[in-house]
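A single chain, nothing else alongside it, follows as structure tokens in the form predicted on its own.
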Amino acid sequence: MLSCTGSFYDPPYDESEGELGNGDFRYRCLSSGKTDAACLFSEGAVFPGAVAIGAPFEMDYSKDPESEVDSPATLAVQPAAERMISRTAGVFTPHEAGYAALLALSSSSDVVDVIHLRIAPIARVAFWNESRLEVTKLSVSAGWTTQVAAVPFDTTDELLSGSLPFAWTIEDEAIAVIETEPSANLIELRGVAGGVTTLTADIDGVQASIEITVLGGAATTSSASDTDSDSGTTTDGDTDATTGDTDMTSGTSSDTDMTSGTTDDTDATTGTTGPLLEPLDLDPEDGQGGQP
């Protein structure tokens, strides 16, 4: 059974019942929890299913008042094997992949309860939005902000908890910038000018990148052969004076000019034309319906 609690004076924690049923082990993120996925997006904590190698955390134990074990209400927790997890000044640091036993010990060193915690290396880094949903692209309007988090997973796609070193970078800060601490797992991103850039997160040496699109702002529009809608010569959709196919106003064209000038086939007004064609009776059922 899991539950989450805490107060202003008591750092938030989540607890899980010990395997001997005498009380609950209580997991806490270090400091403000800004680098621990167990404390992401909330003031509380989530008891982890697994922790990352090298990612510190805190743990203590609260005895069930109904338990018949004679011991204080709150007990210190010790690792069963120091090579798996070490404990220094109340902080646990995982060292080796596998399952590690954590023991709640009485003042006489009797085992009151035990819990096993899985330790795993980081296999990949993913990005979450504020709804804790994984995203592969982000967009934000120029002058506005959005939040994104980087989260570590193991090879089985289980979220890894524990405090880890984070580093965020943006490829082009003329397009977007990081507004908050770039060493946290959750950052606020602000759009600067229209464009596309790349945001990269590094979690303890494992990197991942996500494409950031900033909408509006001082965007610079590049010329392209199929998107110009103003003037000049284009190859597809230009509607100005001189085109190869679809100009509807004036100038010289090869097929469908409807006003003036010289055409080869279908000029309807003046100039020199070839033989006039009879109107076509277009049947809507043959896939060519609509205006000619």
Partner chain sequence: MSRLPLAALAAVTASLLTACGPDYSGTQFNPRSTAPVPVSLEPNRITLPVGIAVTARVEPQSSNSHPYDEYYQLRLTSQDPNIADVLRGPLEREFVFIGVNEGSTCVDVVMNDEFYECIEIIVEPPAS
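Positions refer to the first chain, counted from 1. As the structure is a computational prediction, the values presented were derived from the model and not from experiment.
Just so you know, the form predicted together with its partner chain exists too; it's not on screen, but the next bit is about it.
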Given that the partner is absent here, state which listed stretch (193-201, 163-171, 96-104, 141-149) has heavy atoms within 4.5 Å of its partner chain in the model of the complex. 96-104
Can any non-hydrogen atom of residue 137 be found within 4.5 angstroms of its partner chain in the model of the complex? no
I'd like to know whether residue 22 contacts its partner chain in the model of the complex, with contact meaning heavy atoms within 4.5 angstroms. yes
Contact label in the model of the complex: residue 68 to its partner chain, heavy atom within 4.5 Å: yes
Even though the partner isn't displayed, in the model of the complex is residue 210 close enough to its partner chain, meaning a heavy atom within 4.5 Å? no
Students should find that, of 158, 130, 179, 110, the residue having a non-hydrogen atom no more than 4.5 angstroms from its partner chain in the model of the complex is 110
Out of 59-94, which residues reach within 4.5 Å of its partner chain in the model of the complex, heavy atoms considered? 68, 69, 80, 81, 83, 84
